[in-house]
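First, one chain by itself: the form predicted on its own, in structure tokens.
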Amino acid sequence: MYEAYWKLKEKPFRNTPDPKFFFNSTQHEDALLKLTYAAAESMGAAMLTGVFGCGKTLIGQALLRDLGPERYRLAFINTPLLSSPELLRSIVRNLKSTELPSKMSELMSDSLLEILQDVLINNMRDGKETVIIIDEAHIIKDDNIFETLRLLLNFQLQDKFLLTLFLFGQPELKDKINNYKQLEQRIALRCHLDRFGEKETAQYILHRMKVAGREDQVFTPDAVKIIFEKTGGIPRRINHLCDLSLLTGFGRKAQNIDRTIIERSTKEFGE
């Protein structure tokens, strides 16, 4: 709606996990490096935690993009509130192109684990590594799910795991994993994302505007300061407020986004 007015090719602040907009802050770059290393070295399991809206899912999408289909077979599960058989079916369905069995007896956990083992071995024979990402893992309540995830890490050879398991979630995931020692002991790498500082907030806004097609500064330093204060440096909130501010500025035919536009946006949209 406002893209042409601000000389943008697309909306810069959509709250969708588009890896094109991935911002290499120090902490995001460190997390992506560690997760990529865990996959490349077949380390078994790694965990990424972070406050809500800090970009965990976006890192997952960037990871999938960087790993690529040439070497990796990938499963991304973003609905972990499932029973153990349902979770296994979802993983196998992501990794296996052929139809699953239709008999209920063949869709129980033991049978699905056997199917998954065959998938992993076939991937290995084809020269492919297998990566499974469980997003929003902090909402898992059933201990049976954590046991199922532990069982996945039993698929290994003498010198390597047959899959790499990534668990993404909010900070409370740490406590849940720590309470399940059999799985906690198998987490080879841990990384954490926190909110941005004011300087990173400014860099983040500029980065997304550039990706969307606008090279010069649109948000004034005073605007960035109040954006940081009102959003607490959380990327999802930054996106929302910046999007509303661009809309407000468009409606008022502003030349840039200053403190006044931010304040009007928060007032008019109840932010």
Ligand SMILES: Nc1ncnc2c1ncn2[C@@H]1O[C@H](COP(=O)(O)OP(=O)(O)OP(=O)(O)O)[C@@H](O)[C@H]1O
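Don't overthink the numbering: it's just position in the shown sequence, from 1. Keep in mind that this is a model prediction, so the values were computed, not measured.
Absent from the display: the form predicted together with the named molecule. The rest refers to it.
Asker: Given that the named molecule is not shown alongside this chain, does N256 nevertheless sit within 4.5 Å of it in the predicted bound form, heavy atom to heavy atom?
Answerer: Contact check for N256: no, nothing within 4.5 Å of the named molecule in the predicted bound form.
Asker: Examine Q203 and determine whether its closest non-hydrogen atom to the named molecule in the predicted bound form is within 4.5 angstroms.
Answerer: So Q203 does not count as contacting the named molecule.
Asker: Does any part of G251 reach within 4.5 Å of the named molecule in the predicted bound form? Heavy atoms only, please.
Answerer: Because no heavy atom of G251 falls inside 4.5 Å of the named molecule in the predicted bound form, the answer is no.
Asker: Could you confirm whether Q170 comes within 4.5 Å of the named molecule in the predicted bound form, counting heavy atoms only?
Answerer: Residue-level check for Q170: yes, a contact with the named molecule.
Asker: So which of 52-60, 65-73, 223-231, 39-47 is the stretch with heavy atoms within 4.5 Å of the named molecule in the predicted bound form?
Answerer: Result for this chain: 52-60.
Asker: Which pick from E184, E136, E129, E86 sits with a heavy atom within 4.5 Å of the named molecule in the predicted bound form?
Answerer: Exactly one residue meets the criterion: E136.
Asker: Suppose contact means any heavy atom within 4.5 Å; which members of 219-255 contact the named molecule in the predicted bound form?
Answerer: Those in contact are P235, R236, N239.
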